[in-house]
Every structure is written in C-alpha cells, then in structure tokens.
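Single chain ahead, written as structure tokens, the form predicted on its own.
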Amino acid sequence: MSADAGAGVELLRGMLEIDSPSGGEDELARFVETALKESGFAAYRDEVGNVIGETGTGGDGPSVLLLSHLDTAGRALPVALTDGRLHGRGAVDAKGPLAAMIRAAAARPDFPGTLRVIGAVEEERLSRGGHHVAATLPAPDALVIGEPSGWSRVVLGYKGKIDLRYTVSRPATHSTNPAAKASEVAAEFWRDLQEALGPERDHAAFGSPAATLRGIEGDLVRATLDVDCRVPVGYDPAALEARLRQRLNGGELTVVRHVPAARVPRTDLVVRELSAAIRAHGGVPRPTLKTGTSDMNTVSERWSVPMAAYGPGDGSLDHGDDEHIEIAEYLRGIDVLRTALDGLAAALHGTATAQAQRPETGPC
C-alpha cells in the first residue's frame, strides 16, 4: 500500500474510532476539522456544528461542493482492519464517503475556483446540518452528496419521506368490554394507512410509496404510532393527509416532517463526470435510484444545481451490525472523485480545449 493510500486508510480509521450519533458529533467534528487543516484546507465550524473545509484557487472560478455527514445510526461497533476490510460504525454511512471526499479534494489544491468539503451534523435525524448549509451558503455550481453508492454506481435520486404520528385515547374500561380499546383503534389506523397508500405500495420500487411502522406504544387507554412513509417524486402529501383524516376514528394525526423526493436526469453534469471518471478507472457506471433519503433531498429544495450522490461502500450494510468497507473499494472511490473533480473543473471553467480532447461519454 502506498503512503498516500495508507494515509487515507488511517484518516478513515481515526474517524471510525470516534462514536458520533446524531446530536453527539462534536468530538468527530473537531477531529475532522484538524484533519482538514493538516491537509491544507482552510477549515472551520459553522453555527450548528458542521465542519467546512475550503481549498482551490478561489477568485471568480466555479464552486464545487462535496457534502456528506458526520453522524451515524445504530450502536457503536468495534473498529478492526481484517482481510482488506475496515469494520466500524459509519464505515459506509457515511464516514467512508466523507473521508474519500477529503482525500480527493486535498489532492486538488489547484482547483480553478472553490472546492468545499462539508461534514454535516444530524443527517440521520432531521438533516439539521444540511438545512443550515442550504440556507446559509450560496448555491454551488455543482454538488456531490457523499453517500454509499459503491465505487462504480452513481445515485440519481432518493425517495421522499413523510413522518407521521397518530395518537388516540379511549375511556378506561374492563378488557372484556366490547368497545374498541386505544390499542385496537391504533392497530386499525395502521391498516387504514397502508390501504390509503394504495395497492402498489412497495419499499423496493422507486416509483411507489411504502410505509414502515417505526414505533408503537399503547394500552387500553392510550396508544401512539410513529410511521415513516417513503414516497416517490411528485407524490402529494396533502392528499394522503386528507385521506387519513377521514379515518382517524377519534384519534389525532400529526405530520412531523415532509421531505420531497429528489431525482436528476442521466444527462446531469455531475452524473456525466462521475460516470466518465468511473470509466477512466476501469468500471462500468451504473445509474441507481435509492429508496431511502439523504441530504440530496434536503438541499434540492433550495438549490437547483447539477448534483448526484456518490461514495464508496455497500449501502446494504447501512446501520447493520456488520458495517464495513472494502479498502480496495474505498481507494477506488477516492480515485474516481479526484478524476471527477478534474472533469468538473474543465466543464465548469469552460475550457473548450480540454472538453474537445475528452472522449464522448454520454449518459451513464
């Protein structure tokens, strides 16, 4: 392993050694800020705790933002490097993609404009960091979201999210009383909600809605349901709410949060450059649509700029007890990002000669 590759692995390992649940990212943020400064970035933390590193020649040149997140979901895991795999919470979601972005951007201090890397807080909970970034920073000319895609995949979009809470109360009574109890009413509402989503509901299909019962608590007198609905592009949350309000059966419904779905076309500039970079490193780019959500959903509500999500790591390991990343994949991801940054610099800087010399890639 080269010294450069070794330094990249050590950066990621150091990040994995620090537990960083949503709302508890401070220690990791300080570590990343120091790592950015040691890698030549101008680095600081903003008002909500996001870590921001900047490099490049600045001036009137284009701006490219690499945005990933610091927080993790799930219990902390032992960190170990075995058989070419680095194990630990966040190895793929999303410390691996963030570390790859830092290493790629650090290798491009001569980027002809502003190259910014951000580790955001609380993406796994309420996307607090991503909302703050979109509200306080100018829209970049191009954006890469750091999420696990696999080194040869480019993510074009994510489903949206509607979080619902249903609460219901019923008078205290004996369990043998035929009147419906709170727990029974709540269970009936869950069935009604699935029916309201329609017969085509499917978590695996990007174009279909689906729901997960994230939590249920109740007894004969009071019950609460917390529901996570995933919805496709163009889905009407108001229409769903209206259907559900006809089936409340004396309960109360709260829409806790709505995050619209996000999707870009295959012809998007960032998609094209990431795809070209994957090809340059021997891969076959594969466009992908994810059924979860990411900060791509968050920032696309404010920014209409070329964007896509990319990062090394197997997304099926997100939040799991065997979360790990293949070292070879992680290093390929760094190489792809470096090459993609070169392509974006040429395209955004209007370098006609460089564009003419590049082979035609077309959509991935």
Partner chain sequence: MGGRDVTTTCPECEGPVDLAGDVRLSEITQCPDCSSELEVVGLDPVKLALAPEIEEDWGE
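Since the model is a prediction, treat every value here as computed from it, not as a measurement. Positions refer to the first chain, counted from 1.
Omitted here: the form predicted in complex with the partner chain. The next part is about that form.
Student: Considering non-hydrogen atoms and a 4.5 Å limit, which listed residue (124, 141, 228, 192) is close to the partner chain in the predicted bound form?
Tutor: Residue within 4.5 Å of the partner: 124.
Student: Considering the partner chain in the predicted bound form, which of 183, 288, 249, 167 comes within 4.5 Å of it through any heavy atom?
Tutor: Partner contact (heavy atom, 4.5 Å) among the options: 288.
Student: For the chain shown here without its partner, which stretch in 49-57, 310-318, 28-36, 329-337 has non-hydrogen atoms within 4.5 angstroms of the partner chain in the predicted bound form?
Tutor: Comparing against the partner chain in the predicted bound form, the contact stretch is 310-318.
Student: With the cut-off set at 4.5 Å between non-hydrogen atoms, does residue 132 touch the partner chain in the predicted bound form?
Tutor: Contact check for residue 132: no, nothing within 4.5 Å of the partner chain in the predicted bound form.
Student: Please determine whether residue 205 contacts the partner chain in the predicted bound form, using a 4.5 Å cut-off between heavy atoms.
Tutor: Close contact exists here: in the predicted bound form, residue 205 approaches the partner chain to within 4.5 Å, heavy atoms only.
Student: Taking the shortest heavy atom distance, is residue 103 within 4.5 Å of the partner chain in the predicted bound form?
Tutor: The answer is no: residue 103 has no heavy atom within 4.5 Å of the partner chain.
Student: I'd like to know if residue 292 sits close to the partner chain in the predicted bound form, meaning any non-hydrogen atom pair within 4.5 angstroms.
Tutor: Result yes; residue 292 sits at the interface with the partner chain in the predicted bound form.
Student: Counting only heavy atoms, which residues in 261-283 are within 4.5 Å of the partner chain in the predicted bound form?
Tutor: Heavy-atom contacts to the partner chain in the predicted bound form: 263, 266, 267, 272, 273, 275, 276, 279.
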